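Next up is one chain by itself, shown in structure tokens, the form predicted on its own.
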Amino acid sequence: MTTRDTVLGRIRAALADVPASEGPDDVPVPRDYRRSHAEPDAVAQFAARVADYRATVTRTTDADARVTVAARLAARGLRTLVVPDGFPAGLLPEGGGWTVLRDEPPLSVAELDAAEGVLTTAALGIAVTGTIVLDAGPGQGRRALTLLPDYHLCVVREDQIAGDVPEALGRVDARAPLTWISGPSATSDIELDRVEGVHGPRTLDVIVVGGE
């Protein structure tokens, strides 16, 4: 008997008394555990945790959001920038010296790889983990857009920030192609030397927008 047989055998034994007509939704799962470990100021906690991952975080108001986006892009000296459909026109700076690439028709892998950056919104952020969640909705585009360019500027609104993971899971569609981002792409080799930019952008800037 293999280990696989052993595991499957135990699962079948545990389910032996479950009626064949019973489905997963027929049995409520107790969820009375603590749902959030967020601090009272979840927005500040989110900004601090994102910065812990070596991302640059800028907080701004609605009135200054467009100027702040322009300033971050100018500071990076980008020449080509991917902007997904649905990105708010009011946040997209005019001019700036960069060429805006649209993903309609879809850009090729080579075109995305050659682009220097991508500008997106987000589905939500999570304060406790400093995570940004993308669901391919308006202003975010398909997953490849935020994986191939080496720079990602992401705009998150304060009202999109959830306290903790359980709250976040209740606010997203689990059937959507979710991408969870915790800082710039980074991994470690066998000697634990940090290597950045292997599986996604090497540089992540986040702008948190809200308030007066």
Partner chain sequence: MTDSNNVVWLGAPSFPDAAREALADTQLRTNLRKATGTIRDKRLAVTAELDDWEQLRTAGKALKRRTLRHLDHHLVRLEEAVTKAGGQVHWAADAAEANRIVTALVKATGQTEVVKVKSMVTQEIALNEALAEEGVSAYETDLAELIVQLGDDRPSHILVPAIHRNRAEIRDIFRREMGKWGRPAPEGLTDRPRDLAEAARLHLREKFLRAKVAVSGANFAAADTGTVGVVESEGNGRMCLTLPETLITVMGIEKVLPSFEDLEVFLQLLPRSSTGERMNPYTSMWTGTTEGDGPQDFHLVLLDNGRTATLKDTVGRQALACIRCSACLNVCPVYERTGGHAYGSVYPGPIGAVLTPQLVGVEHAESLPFASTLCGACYDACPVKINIPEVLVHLRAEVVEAKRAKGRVPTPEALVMKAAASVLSSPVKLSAVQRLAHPAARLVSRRGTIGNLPGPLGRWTRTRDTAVPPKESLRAWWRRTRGGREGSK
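What you see is a predicted model; the values in this text were computed from it and never measured. Superpose the two forms; the largest set of C-alphas matching within 1.5 Å is the rigid core. Residue numbers count along the first chain shown, from 1.
Although it is not shown, the form predicted in complex with the partner chain is what the next lines describe.
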**Message:** in the predicted complex, does residue 121 come within 4.5 Å of the partner chain, counting heavy atoms only?
**Reply:** no
**Request:** Using a 4.5 Å heavy atom cut-off, state whether residue 55 contacts the partner chain in the predicted complex.
**Result:** no
**Prompt:** Is residue 40 one of the residues lying within 4.5 Å of the partner chain in the predicted complex, judged by heavy atom distances?
**Reply:** no
**Request:** Check whether residue 64 has any heavy atom within 4.5 Å of a heavy atom of the partner chain in the predicted complex, and answer yes or no.
**Result:** no
**Message:** Under the 4.5 Å heavy atom criterion, name the residues of 119 to 144 that approach the partner chain in the predicted complex, in sequence order.
**Reply:** 128, 129, 131, 136, 142, 143, 144
**Message:** Does residue 174 shift between this form and the one not shown by 2 angstroms or more at the C-alpha, the core having been superposed?
**Reply:** no
**Request:** Examine residue 27 after superposing the rigid core and state whether its CA is displaced by 2 Å or more between this form and the one not shown.
**Result:** yes
